[in-house]
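Only one chain comes next, encoded as structure tokens, the form predicted alone.
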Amino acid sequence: MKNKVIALITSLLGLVAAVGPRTVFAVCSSHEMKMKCYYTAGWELAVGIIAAIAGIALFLAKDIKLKIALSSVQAVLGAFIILIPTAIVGVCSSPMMHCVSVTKPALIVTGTLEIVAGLLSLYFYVAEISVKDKLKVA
């Protein structure tokens, strides 16, 4: 049951990463010129949707090896959620901009939670395999 809850949490975090930069913790408006944060929001949309789909697949998967792979993917996607606004694309350079003070920290928190949830899920599935292996030996 706990693994299903974690899978749903990773899906929700993926949706937050996908939709958040355009709604709740929106990047700067790009009426005249598209800045870095505009492209960050686009990349986060793509990565967030992939994370949400991977979370749904994790929820529905039956094979333990597939669940382990999807949990690992979730952790990697969480790292990308963090890296996009911090290192890969970035945000505006002025600390006064909304994307620097709100969007970037929100994505860092979202990505960190995604990594933690993915690693926690991975831990539970690996532990499940080792318990099954110990039962086979005995």
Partner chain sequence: MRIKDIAFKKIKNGKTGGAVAFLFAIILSFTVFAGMLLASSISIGAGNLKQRLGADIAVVPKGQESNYQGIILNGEPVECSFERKYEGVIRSVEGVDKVTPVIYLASLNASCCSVPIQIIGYDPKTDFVTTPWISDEFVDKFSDGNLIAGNNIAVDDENTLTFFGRTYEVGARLNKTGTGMDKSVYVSFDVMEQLISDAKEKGISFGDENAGDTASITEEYVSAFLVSVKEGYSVDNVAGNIMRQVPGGVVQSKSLYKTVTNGIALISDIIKTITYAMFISITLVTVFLHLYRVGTRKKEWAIYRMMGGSRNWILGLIFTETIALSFLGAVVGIALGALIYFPFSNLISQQVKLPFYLPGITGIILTALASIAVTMLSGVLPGIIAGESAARTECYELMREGEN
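Residue numbers count along the first chain shown, from 1. In this text the structure is predicted, and so the values were computed from the model without any measurement.
The same protein has a further form, the form predicted together with its partner chain, not shown here; the description that follows concerns it.
Contact annotation for the candidate site: Ser72, Ala79 and Gly90 all lie away from its partner chain in the model of the complex (no heavy atom within 4.5 Å). With the partner omitted here, the stretch from 50 to 58, 105 to 113, 37 to 45, 64 to 72 that lies within 4.5 Å of its partner chain by heavy atoms in the model of the complex is 105 to 113. Although the partner is absent here, Ser94 lies within 4.5 Å of its partner chain in the model of the complex, judged by heavy atoms. Not displayed here, its partner chain is kept clear of Thr86 by more than 4.5 Å at the level of heavy atoms in the model of the complex. For the stretch 1 to 37, the set of residues having any non-hydrogen atom within 4.5 angstroms of its partner chain in the model of the complex is empty.
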